[in-house]
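One chain comes next, on its own, written as structure tokens: the form predicted on its own.
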Amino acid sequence: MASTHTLEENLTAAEQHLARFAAEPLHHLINGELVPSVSGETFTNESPIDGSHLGDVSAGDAADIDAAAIAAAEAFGVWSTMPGTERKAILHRVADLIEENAHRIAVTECVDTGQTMRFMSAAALRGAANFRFFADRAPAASDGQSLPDAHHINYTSRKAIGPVGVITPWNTPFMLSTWKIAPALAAGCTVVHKPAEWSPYTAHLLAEIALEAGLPAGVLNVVHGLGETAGKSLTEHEAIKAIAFVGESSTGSMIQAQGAPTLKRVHFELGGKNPVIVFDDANIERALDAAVFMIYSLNGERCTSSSRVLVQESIYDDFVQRLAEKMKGVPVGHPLDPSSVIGPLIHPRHYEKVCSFKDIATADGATVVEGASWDDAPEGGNWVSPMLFTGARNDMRVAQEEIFGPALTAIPFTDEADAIKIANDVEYGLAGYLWTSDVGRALRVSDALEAGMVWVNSQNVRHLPTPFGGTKRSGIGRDGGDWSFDFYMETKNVSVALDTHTIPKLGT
């Protein structure tokens, strides 16, 4: 959904909505109250647009996480036993308020992250859709199955696992927060949310909206802070029964180790180096548009981006030439300008990482093709042009490492077997995209790809009832539909005898 607001209107709205964050530090929201860190420490939040100071944020640590976890544990008894129909009504009200505040959320997210309004105008509405989808499933979340055998009636039921920790990333923080928090709340869990320190603002907006919608105090708590302090304390806290995390694979590995002593259940949505495979019988124009969209939208900062395009040798040169032409037409501009596609990257550290791959690609023997830049870009911002690496091999770093920016690596392949080999020859296995008019080939290659999700002749089109997740270093578990409840709930089986079976006798 494209924004209906002009750049000037968005700038005015951003100034209005972000003034509160500049006026005083953003505190944690624990048990329905805004509270500073016990230590009094804060950290700064800087604009990716020009490096200016957006505001200060309370820096949480073990004491703040402990207070939030205790609040979540105390609220769990109320929330988990509330009838599912009542939870449904509250969560639908959350969705209503997200829609009412969609523009405020979008402009805040654009300034906080550098993502462009073209995509953030729809992100808030997707967040509302997430809440509606899981709200409708709340009344039946605890339902199970009847599994009779010859002599027993077995029936299953589900109950919320308890207070859970949700740790979310900075790329599309509002939408991804709703993707984790909505099913947790629908299941009857209470939540301690630790948003990424580079994008703290919309997590606070979501918690405010939830309280306004009638969510009881303590059901959703937000603690800001660094991963090595607040995040680590959350993953180690005994009251937290599970951790849902979206982010880098290396961080997921650390979280798994930190949660091991308390046997925490974990759900990880991690990195990707996803292939889009284009055979010579594909609809080339649609494949080109999909490949460009899936890497250059959202600043290339998405786990499901098609960051490797594998093209059959017979069409490689023509395809890559047309790809470069399309890339050069992708506009870079102010994130609040509805005509911009690529905005500034979120943080100087990430900017330096993404830009370093130009030298890495050249050193490894690939050719670097850059798209347009923004001549009027403000000084001090993290501005990049879209990039295309051609003449690449799959053993190059630009083909193996997750760049997480607007950078696409183009690799030729010979035949079906070669395409599958190259596609699978990475540590990741989140998504795959396949373009061919051969139905048999589509089925064979989809089955052979080491990925949790495959789209055939399509870009990533999310259908909420379907499972979302990856294999290898791309994650553990699945979101979506009933798969989300499998994570946030415990299943119990009760077996009732019909008094017709033989009970073994021991002794006299």
Ligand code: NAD
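The first residue of the sequence shown is number 1, and the count goes up from there. Predicted model only: the values in this text are computed from it and were never measured.
Only in words, not in the display: the form predicted together with this ligand, which the text now covers.
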Q | Answer range among 317-325, 264-272, 386-394, 279-287 for contact with this ligand, defined in the model of the complex as heavy atoms within 4.5 Å | A | 264-272
Q: Give a yes or no for Gln258: in the model of the complex, does one of its heavy atoms lie within 4.5 Å of a heavy atom belonging to this ligand?
A: yes
Q) Is there a heavy atom of Pro412 no more than 4.5 Å from a heavy atom of this ligand in the model of the complex? A) no
Q | Distance check, Ser297 to this ligand in the model of the complex, heavy atom within 4.5 Å | A | no
Q) Does this ligand get within 4.5 angstroms of any non-hydrogen atom of Phe404 in the model of the complex? A) yes
Q) in the model of the complex, do Ser80, Arg137 and Ala141 all reach within 4.5 Å of this ligand through at least one heavy atom apiece? A) no
(Q) Under a 4.5 angstroms heavy atom criterion, identify the one residue in Trp170, Phe133, Trp435, Phe357 near this ligand in the model of the complex. (A) Trp170
Q. Looking at Asn101, Asn424, Gln400, Thr251, which has any heavy atom no more than 4.5 Å from this ligand in the model of the complex?
A. Thr251
Q) Within 425-453, which residues come within 4.5 Å of this ligand in the model of the complex, counting heavy atoms only? A) Leu430
